[in-house]
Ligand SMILES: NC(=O)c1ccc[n+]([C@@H]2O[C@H](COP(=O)([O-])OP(=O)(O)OC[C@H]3O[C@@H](n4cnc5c(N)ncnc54)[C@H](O)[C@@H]3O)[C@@H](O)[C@H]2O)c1
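One chain follows as structure tokens, the form predicted alone.
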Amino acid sequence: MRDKLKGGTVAGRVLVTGHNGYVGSVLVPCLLEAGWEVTGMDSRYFSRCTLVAGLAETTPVSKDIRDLEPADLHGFDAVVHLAALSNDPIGNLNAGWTEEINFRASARLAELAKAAGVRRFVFSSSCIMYGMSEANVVTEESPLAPSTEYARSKVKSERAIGQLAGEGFSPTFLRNGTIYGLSPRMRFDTVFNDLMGAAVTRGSVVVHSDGKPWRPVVHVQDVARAFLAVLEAPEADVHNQAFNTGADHLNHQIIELAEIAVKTVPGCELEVQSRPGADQRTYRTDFGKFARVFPDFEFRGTRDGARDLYEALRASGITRETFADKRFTRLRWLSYLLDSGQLDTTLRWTNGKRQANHD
């Protein structure tokens, strides 16, 4: 891989799948600033789901990752693979979609990348694969107990891609915590974004469980920086390794996240409505491995991140209507595209040119 900016060259050529999504639209500017030549590949499901300006100019490829061809991977030094159906509710809607897109297409992408001589492959995984862990704190060595299709797809993808590791092909798996923070392709269906969005637009936060489940939260800009750090780390430090992405001080119970949101937004009130059947997934994550390999990397504190998000949402002029808009909840938006006939029952565009008209 070429030295970053040495002699006028770039750091390398990287393909980012899902570059138009929540994380991708934050990651691409980060990579460009660091000197990478970026090509983005995206199915453009969410190209109309824009909250704020800030999408970076890059070389775009409008393509479903299920339709990749060997030539699509030629000439790249690295792949950052973000593209996926992004959460449990979508996986529950149709398990076959998650199996096909999140697992099978991911494994095939890695096979094509290896065959094309792509040396580095960074996979966006998730701490959700630990499931309802019985351990007090989970590490990368803890048993995996995926309880949803989305979580299972991440486990199977890691295993399939890891089996390809060897001389000339070095995968790394970033198991992200629950991501929050402002992005051009905003989401309000992650827990802290939802709490902060409600606090800003409604002046109240409602917790529907007892608030005791744990979540490791991490700012989207820090996730982008973590991908860059792995991409530029010595290969020996990250080869075929999984990393919980975050820091120990970012583990919070849901009630604590709600209290942070309430304290961040002036005049906001908190209401706890414990309901049977509320989400009780809980996992408290150990981030010591990431800290050891990247000792100079600093994650922002959750209270600082909450203030950043509060100021950014206010500056965006967000309203209650915008916060509740279907564009910012992935399941509702995909359901809309299906119900309106824009996507067929395989999650493919019914008009091959339609996605290009939605940028």
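The shown structure was predicted, so the numbers you read here are calculated from the model rather than taken from an experiment. Start at 1 with the first residue shown and count on from there.
Note that the form predicted together with the ligand isn't included here; everything after this is about it.
Here the marked residues Lys63, Lys154 and Ile179 all reach the ligand in the predicted bound form, each with a heavy atom within 4.5 angstroms.
Heavy atoms within 4.5 Å of the ligand in the predicted bound form belong, among the stretches 317-325, 38-46, 295-303, 51-59, to residues of 38-46. Exactly one listed residue, out of Ser170, Thr285, Gln221, Ser126, brings a non-hydrogen atom to within 4.5 Å of the ligand in the predicted bound form: Ser126. Contact annotation: of the candidates Leu337, Val23, Ala11, Val14, the single residue with a non-hydrogen atom within 4.5 angstroms of the ligand in the predicted bound form is Val23. In the predicted bound form, at least one heavy atom of Thr190 sits within 4.5 Å of the ligand. Put simply, Ser86 is close to the ligand in the predicted bound form: some heavy atom of it is within 4.5 Å. Although the partner is absent here, Ala242 lies well away from the ligand in the predicted bound form, with no heavy atom inside 4.5 Å.
Using a 4.5 Å cutoff between non-hydrogen atoms, Tyr150 counts as a contact of the ligand in the predicted bound form.
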